[in-house]
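In structure tokens, the next block holds one chain alone, the form predicted alone.
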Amino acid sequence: MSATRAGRGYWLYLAPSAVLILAVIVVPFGMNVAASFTRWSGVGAPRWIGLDNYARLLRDERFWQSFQHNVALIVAMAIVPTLLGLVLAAALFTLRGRRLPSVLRAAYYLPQVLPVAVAGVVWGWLLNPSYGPLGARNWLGDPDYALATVMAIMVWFQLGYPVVIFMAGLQRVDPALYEAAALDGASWWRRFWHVTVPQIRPEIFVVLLTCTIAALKVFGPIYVLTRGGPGNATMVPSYFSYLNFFERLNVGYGSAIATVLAVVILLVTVAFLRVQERA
């Protein structure tokens, strides 16, 4: 079979995925971009206004404030879970073969299995200032504490994902490296820093990238826990877009927010991949 005929065979296998991507991602995104250049309530004919929605975004303090909250959530959902997950995975891997590490790994991963709505309702009950066992203060209702409280919940929610990925990555590390380091008198911390971290660097990049994207587009936890409040204390771009799109019926403006958020996620992804290639 010639190379040309073999290539045509590959395209046949790729066709279903290409059609799915086109129908679920490309076409809706194109429609969203088109709507961002209009003033539209969702009913009737949209009116073309060019770049007015984007000019409005540049002057909208709530929009920029929502991105600042996104940065805080990247810390809570990507950086902190990755660092804690590295240490916990290395510690659990050191104790492999015993029952306790398997139980702890399942416990860390349990929040990832829970639906976001269920986890949010449980935390809302725990932190309720009237009857919650942890409601010594109105954690989610006080603008000074709401974002920090959401960040703490998201660390709990995200931690299991890097632990599982890193433990899977550690399975492929050559045990001889640890044995050689131990014979040289390296402490656990030095083995962790000079063997574990370099050996599972690809997994670290994957976890950081996927968790950062998850933080940028976070919606469910904010919707369930605070709905962007109190005030704008926990507002994020995805919820700000939803608010304009569905509640205020500013479909064009909500589409512009969603478009900017999609472009930011795309740029962050490209930057991560470039850094990973050079590392």
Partner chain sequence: MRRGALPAALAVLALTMVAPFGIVALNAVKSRRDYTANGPFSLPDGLSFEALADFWVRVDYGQKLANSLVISGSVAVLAVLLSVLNAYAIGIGRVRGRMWVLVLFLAANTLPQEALVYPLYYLAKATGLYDTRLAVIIIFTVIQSAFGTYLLSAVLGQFPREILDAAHIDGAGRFRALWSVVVPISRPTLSVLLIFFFIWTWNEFFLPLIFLVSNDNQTVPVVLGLLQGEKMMDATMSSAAALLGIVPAVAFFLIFQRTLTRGVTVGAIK
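Positions refer to the first chain, counted from 1. Just so you know, these numbers come straight off a predicted model, no measurement behind them. Throughout, rigid core stands for the largest set of C-alpha atoms superposing within 1.5 Å between the two forms.
The discussion below concerns the form predicted in complex with the partner chain, not included here.
Peer 1: Select from the listed residues 182, 148, 79, 114 the one whose heavy atoms reach within 4.5 Å of the partner chain in the predicted complex.
Peer 2: Only one listed residue qualifies here, and that residue is 114.
Peer 1: Could you tell me which one of 100, 176, 71, 136 places a heavy atom within 4.5 Å of the partner chain in the predicted complex?
Peer 2: By the 4.5 Å heavy-atom cutoff, the listed residue in contact is 100.
Peer 1: Please determine whether residue 191 contacts the partner chain in the predicted complex, using a 4.5 Å cut-off between heavy atoms.
Peer 2: Heavy-atom contact with the partner chain at 4.5 Å: absent for residue 191.
Peer 1: Just to confirm, residue 231 within 4.5 Å of the partner chain in the predicted complex by heavy atoms?
Peer 2: No, residue 231 sits far enough from the partner chain in the predicted complex that none of its heavy atoms falls within 4.5 Å.
Peer 1: Heavy atoms within 4.5 Å of the partner chain in the predicted complex: does residue 31 have any?
Peer 2: The answer is yes: residue 31 has a heavy atom within 4.5 Å of the partner chain.
Peer 1: Would you please decide whether residue 251 lies within 4.5 angstroms of the partner chain in the predicted complex, comparing each non-hydrogen atom pair?
Peer 2: Result yes; residue 251 sits at the interface with the partner chain in the predicted complex.
Peer 1: Can you work out whether the partner chain is within 4.5 angstroms of a heavy atom in all three of 10, 40 and 217 in the predicted complex?
Peer 2: Yes, the whole candidate spot contacts the partner chain.
Peer 1: Only counting heavy atoms and a 4.5 Å limit, does any residue of 243-267 reach the partner chain in the predicted complex, and if so which ones?
Peer 2: Result: 245, 246, 251, 258, 261, 262, 265.
Peer 1: Hey, does residue 201 budge by 2 Å or more at the Cα between this form and the one not shown once the core is superposed?
Peer 2: No.
Peer 1: State yes or no: after fitting on the rigid core, is the Cα displacement of residue 137 between this form and the one not shown at least 2 Å?
Peer 2: No, its C-alpha moves less than 2 Å.
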